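Take a look at this single chain, the form predicted alone, given in structure tokens.
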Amino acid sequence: MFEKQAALFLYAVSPVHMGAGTATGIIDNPIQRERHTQHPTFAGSGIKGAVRHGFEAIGGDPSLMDALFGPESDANGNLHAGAVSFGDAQLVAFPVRSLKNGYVYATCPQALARARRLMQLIGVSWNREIPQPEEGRCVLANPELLAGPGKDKLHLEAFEYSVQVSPDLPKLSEKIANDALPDSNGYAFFREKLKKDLVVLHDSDFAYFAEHATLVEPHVRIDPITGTAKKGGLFYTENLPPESLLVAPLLASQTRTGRKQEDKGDWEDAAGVLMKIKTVINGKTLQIGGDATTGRGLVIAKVVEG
């Protein structure tokens, strides 16, 4: 039983390839997606593995690793569960190219409602009204995004949306920006942009961008002998674009090493476990997913407690 809960926001600062294996479609190496929404996701097992792999490099005490994450499976005897759990990360906001202001942070009622539910589970109120735009329409707060003869349309990629300007949306976008992004100056621009340029699309419109507006890169296998492209060596890899925002549950229990509270030593209650993992990863850059040697997979972590 996990007695303490928190939310872990993951903001992509580079393309992220959390792979789903090979596929039979046009994209050879697709990213992980939820089955029911087709939104990009990070599996909790992948997040936990990445945190464990980089735990010492980001300042964690290596003597805590077995207690927090569980011992390696090939350890002799003395196997036990870890005391922290990372759930699957769900999409909150997705960057989409805009005619004005470069790009917007697109989202939808479905993504916002799921994120609000997660925040309520940990005791944080996102008690703001979620806009419900019709298909082909959107809700935004920043009129600078509008273009066209009457300056009343939003242009995302090749699509045009009728707009409802909402004076209430900044209350929600400000809450998201402050909870999800670090307080440091390095993220000030992105906090302000998220507050201003959050755009709420219909669930169907958002699902289209989440599925078709990812970053797809061609790669070529080179023949080591001739130094030229191998025949049939062209393949495509999909990445989640930078500036994407996801959130995952982060749970903690007391340590499960077999030691009891009266034994003292390395026993920790759930609050102590959550504090230890939060201290290490909060505000840190993590590397998750594949292609690390080409700069992929960098995300900034932000832990929010209720």
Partner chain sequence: MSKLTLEQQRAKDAWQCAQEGIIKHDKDYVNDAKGLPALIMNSGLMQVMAFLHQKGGRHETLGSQLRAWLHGRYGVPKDFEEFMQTLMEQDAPTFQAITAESFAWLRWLRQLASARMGEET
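Residue numbers count along the first chain shown, from 1. From a predicted model like this one, the values you see are computed outputs, not experimental measurements.
The protein also exists as the form predicted in complex with the partner chain; that form is not presented, and the subsequent description refers to it.
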query: Among 145 to 153, 183 to 191, 110 to 118, 159 to 167, the region lying within 4.5 Å of the partner chain in the predicted complex by heavy atom distance; finding: 159 to 167
query: Partner contact for Thr24 in the predicted complex: the partner chain, 4.5 angstroms, heavy atom; finding: yes
query: 4.5 angstroms heavy atom contact with the partner chain in the predicted complex for Asp66; finding: no
query: Contact of Thr214 with the partner chain in the predicted complex (heavy atom, 4.5 Å); finding: yes
query: 4.5 Å heavy atom contact, Tyr208 and the partner chain in the predicted complex; finding: yes
query: Selected contact from Ala81, Ile122, Leu234, Ile222, since only one has a non-hydrogen atom within 4.5 angstroms of the partner chain in the predicted complex; finding: Leu234
query: Candidate from Asp269, Glu34, Asp28, Asp61 lying within 4.5 Å of the partner chain in the predicted complex - any heavy atom; finding: Asp28
